[in-house]
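Quick heads-up: it's one chain on its own, the form predicted on its own, in structure tokens.
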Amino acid sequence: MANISIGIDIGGTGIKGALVDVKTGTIVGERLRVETPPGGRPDDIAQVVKSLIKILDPKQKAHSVGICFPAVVQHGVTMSAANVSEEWINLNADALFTKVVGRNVHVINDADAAGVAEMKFGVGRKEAGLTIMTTLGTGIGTALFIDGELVPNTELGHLEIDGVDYETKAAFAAKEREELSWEEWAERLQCYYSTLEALFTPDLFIVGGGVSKDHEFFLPLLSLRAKIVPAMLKNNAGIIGAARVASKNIK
């Protein structure tokens, strides 16, 4: 199983995992999902991840473990926390998971992981220049790539526009909370993506998150210089990207 890595995607409500062929970007066998422990505390989540990995790979044949997580992750340390316990802030997550799981673990930001998967195996394959991946969900996650190479930990969802942290107005959660029509939401997305375009002049936007499956209702309403396309790998992107990055970071 030389090409097989474990990918784990930790979210505020669920933890998903699977074996991944990191050469082809495909899920091997079954994808499993369990509930995130109430409170989202580090030790509790680490134990759930340990149990999940035992089920996925009981004979420890996978050569690496990658975990994507809703936080800025700098050299294995989670610098922030979204929809999980604040105990994650400034925690060496690589060390915690490596100790509990008993294998070398590499932790990466969730949007970065999804972007890596899309750039290697999805709609961003062989894309040159500057690509910005955005994930629209509870908030807005972003990942920035130059000629396919990740620039980690860009938090462009928190751009301040008109005096407001704009993910509070343009995330999919805002559409649901305010019961916006697709057209009303698209007006906010237009403002957000136009601002990104003015600041970075990207060649391509990739739009991920669960709502990307409904892309035909809002992406055609946007007018941008750059091409904007829906993500291809959908809910498996984080798992695949985390596994891929971990396989490249084996010590």
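Numbers for residues come from their place in the sequence shown, where the first is 1. What you see is a predicted model, and the numbers here were worked out from it, not measured in a lab.
What comes next is about the form predicted in complex with a small molecule, which is not displayed.
- None of the heavy atoms of residue 130 is located within 4.5 Å of the small molecule in the predicted complex.
- Using a 4.5 angstroms limit between non-hydrogen atoms, residue 119 is distant from the small molecule in the predicted complex.
- Contact annotation: residue 83 falls within 4.5 Å of the small molecule in the predicted complex, judged by heavy atom distances.
- Although the partner is absent here, residue 72 lies within 4.5 Å of the small molecule in the predicted complex, judged by heavy atoms.
- Of the candidates 125, 177, 158, 99, 158 is the one whose heavy atoms come within 4.5 Å of the small molecule in the predicted complex; the others do not.
- Annotated contacts: 135, 141 and 167 all touch the small molecule in the predicted complex [non-hydrogen atom within 4.5 angstroms].
- This chain is displayed without the small molecule, yet in the predicted complex the stretch 105-113 from 177-185, 105-113, 89-97, 144-152 comes within 4.5 Å of it by heavy atoms.
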